[in-house]
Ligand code: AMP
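The data below hold one chain only, encoded as structure tokens and taken in the form predicted alone.
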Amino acid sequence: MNYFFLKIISITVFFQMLVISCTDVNNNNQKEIEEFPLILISIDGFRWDYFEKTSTPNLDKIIQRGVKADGLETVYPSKTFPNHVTIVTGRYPDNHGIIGNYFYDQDFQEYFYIGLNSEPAKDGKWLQSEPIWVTAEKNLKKAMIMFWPMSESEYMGIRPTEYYAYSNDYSYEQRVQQILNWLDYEEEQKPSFLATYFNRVDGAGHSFGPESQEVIDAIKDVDSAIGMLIDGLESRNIFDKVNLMIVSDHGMIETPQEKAIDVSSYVDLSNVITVSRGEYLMLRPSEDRVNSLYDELKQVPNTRVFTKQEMYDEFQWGLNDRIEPLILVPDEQWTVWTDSRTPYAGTHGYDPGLRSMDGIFIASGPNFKEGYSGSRVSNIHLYALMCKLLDIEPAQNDGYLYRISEFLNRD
């Protein structure tokens, strides 16, 4: 009788322990998979030091409640599309394929170009690496995007769950409101990844120069838009329940007319195909003229000439088939053309090592530290960071999470 009674007690205790153990496992899993929406915002052309130009109370609020890098280093060339695509793929342009804002693909026998109604920018055939919204969708997480370069294109047969074709007709307020509208979706429809893009700081920098009043006005406009987003998140009681990352694709520098170089006045460019202008010039001579043209281009003042391999060795940009055999790179502030040309008042596209080309990285949310100022980081690591925040397995990329993990909350 005693033996039978003890056996019953043992079995009862075993099942109680099993229930407790399962409960602990479930609780632990809940902690591991606790997720927060990730909002990614790009402010095109917002140089690393623009915070010092004028009052930015709303951007400051993000920084005070979160983190700020000393600068966000671009990849070469420090242009809009290559860097926006690097941010969302974690790959150098040599690998993701969008090697510039304008280039030629010999297999397609077509030019890639940007701008309103650009057909190539809507076509996923130009992408050679997987963007974050595809990684998210593959992991059964919804991505919703109100403008981001190449987000209209299909890659691997996948697009964001919801997205908008780029248009200047949408105000900043409408862009922010769409982000908030998506966050209002019923739980099963809510997005995990959201993104939008602000363009006017870059436009003002090009048209009037980075030291202009117009740039200051554009900074104030974008800060107001961030304020509208903060207000919307706070009114929904979710400001502390979303991870918000604000980045820019590059900086800006003055480019005076007296520093514009007409390359054709130094070198005979007949029978040479030239691609792109301004901050670098790609040249496609006949095969038997590559060496001689390389030597001739050394005469052009305030520039350096590179072969593809030399460009890759210095900038990790040069081996992709879309890059032409020779590249002429001007010094900072200088621009290169094939005719007489008046350059923009300000521009970008130069060596990523130049401080003037740095963008910004600020962030806040439950997975970021509070009130933390960190080191200058490269945008190549942002994709790995976003995959970590979304708890998804990253696709092949060139970044390293450990290089940016100093900004994460370890709790």
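In case it trips you up, residue 1 is the first one in the sequence shown, and so on. Not measured: the values here are computed from a predicted model.
Although not depicted, the form predicted together with the ligand is the subject of the following passage.
Note on the interface: of 186-194, 329-337, 141-149, 308-316, the segment with non-hydrogen atoms within 4.5 angstroms of the ligand in the predicted complex is 141-149. Although the partner is absent from the chain shown here, Phe81, Asn101 and His348 each have a heavy atom within 4.5 Å of the ligand in the predicted complex.
Not displayed here, the ligand is kept clear of Val242 by more than 4.5 Å at the level of heavy atoms in the predicted complex. Heavy atoms of Arg304 never reach within 4.5 Å of the ligand in the predicted complex, leaving it off the interface.
In the predicted complex, Asp94 stays away from the ligand, with no heavy atom inside 4.5 Å. Contact between Tyr280 and the ligand in the predicted complex is not found at the 4.5 Å heavy atom cutoff.
Exactly one listed residue, out of Ala121, Ile219, Ile246, Ala136, brings a non-hydrogen atom to within 4.5 Å of the ligand in the predicted complex: Ala121. Note on contacts: among Glu324, Asp202, Glu130, Glu73, the single residue with a heavy atom within 4.5 Å of the ligand in the predicted complex is Asp202.
Applying a 4.5 Å heavy atom cutoff to the ligand in the predicted complex picks out His250 as the lone residue from 229-251.
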